[in-house]
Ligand code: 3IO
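Below you'll find only one chain, the form predicted on its own, shown as structure tokens.
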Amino acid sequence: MKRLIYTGLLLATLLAALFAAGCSDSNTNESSTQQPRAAEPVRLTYANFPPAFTVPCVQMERWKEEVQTRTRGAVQVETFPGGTLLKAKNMLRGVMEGQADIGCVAMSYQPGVFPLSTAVEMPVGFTSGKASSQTLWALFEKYRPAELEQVKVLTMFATPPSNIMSRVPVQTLEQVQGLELRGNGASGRFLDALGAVTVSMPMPEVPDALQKNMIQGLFTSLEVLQDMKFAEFCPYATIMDGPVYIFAVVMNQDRWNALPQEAKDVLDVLAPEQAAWTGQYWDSHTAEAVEWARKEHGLQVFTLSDQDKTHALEQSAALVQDWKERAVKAGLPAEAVLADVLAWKQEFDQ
């Protein structure tokens, strides 16, 4: 009887040991087949101020897609067009304070804040957004100005040249004198130099001002003929290759510092590509808008003579001199900067 009890106890102990070993193997196998958890993507917010259908927001969406594709989803971007996160005037401060990770800054809207970059705004006769955008980026890369040292610059771009859209035909420089035109920033000062009556107002107020005859037209790049439907009010356009508006896409410095190095490398490579792409897209979109306005609204397009264009640059020479004086006060080599802008304009305007 004792032998039987002993044998039973031995068998029970052996079965328990085998069961425990089986469970251990099972747990080991399960853990060995589990994949390591993928890292959570970095999520960034990107604020912009104009409507979603405008070029600055089109470029924003293109940049977002490129970033997400090139980082294989490691960086995800949520966009906020139309001033839904930050307005134009507080864009730079909002990014610096972390209200948005990234923002599109209209540098032309903040006089005196960007003494180097505004060299590209000077009336030097840019004929394309491609040339103005690439010149702006080249200027930034060479000088790395103090005006942007508190943020990470992700790209920069500029509009095609400003031209007149009007209720009345403007075929000569003389006809610009006394004409009431909406204009802002350097473009507004350029109109002043030509003898126009410059009216500064937000773009959404322009249709009502045109309808009420408060202004006779506006002075900016011509894509707004279609984007803002200004062709309904302005049956005439005059090509005079005026100043451009400049923009910078900037990122909060702490958020940049926290990015993985692989993501930083992607964004740095993308920066000059995005500048060139935006300029080229703005040019092609503007050409399409002018053609649309011709077909849909009978737009007539005039071009100032070369003589009138030369006279316009001569009349606005004081703007360049004023910029030089401000640049020198800011400690910048004004003559060298302007020489660089003119050289890049010639290089990129091919």
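Numbering starts at 1 and runs along the sequence shown. In this text, all values refer to a predicted model and were calculated from it rather than measured experimentally.
Although not depicted, the form predicted together with the ligand is the subject of the following passage.
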For this session: Go through Tyr46, Trp323, Trp63, Phe49 and name the one with a heavy atom inside 4.5 Å of the ligand in the predicted complex.
Result: Phe49
Exercise. Which residue among Ala119, Leu210, Val224, Leu148 has a heavy atom within 4.5 angstroms of the ligand in the predicted complex?
Worked result: Val224
For this session: May I ask you to state whether Ser316 is within 4.5 Å of the ligand in the predicted complex, using heavy atom distances?
Result: no
Exercise. Applying a 4.5 Å heavy atom distance criterion, does Gln59 contact the ligand in the predicted complex?
Worked result: no
For this session: May I ask you to state whether Arg182 is within 4.5 Å of the ligand in the predicted complex, using heavy atom distances?
Result: yes
Exercise. Does the 4.5 Å heavy atom contact test between Tyr143 and the ligand in the predicted complex come out positive?
Worked result: no
Seminar exercise, completed: For the ligand in the predicted complex, the stretch among 266 to 274, 169 to 177, 253 to 261, 239 to 247 with residues bearing a heavy atom within 4.5 Å is 239 to 247
Exercise. Within 199 to 214, which residues have a heavy atom closer than or equal to 4.5 Å from the ligand in the predicted complex?
Worked result: Met203
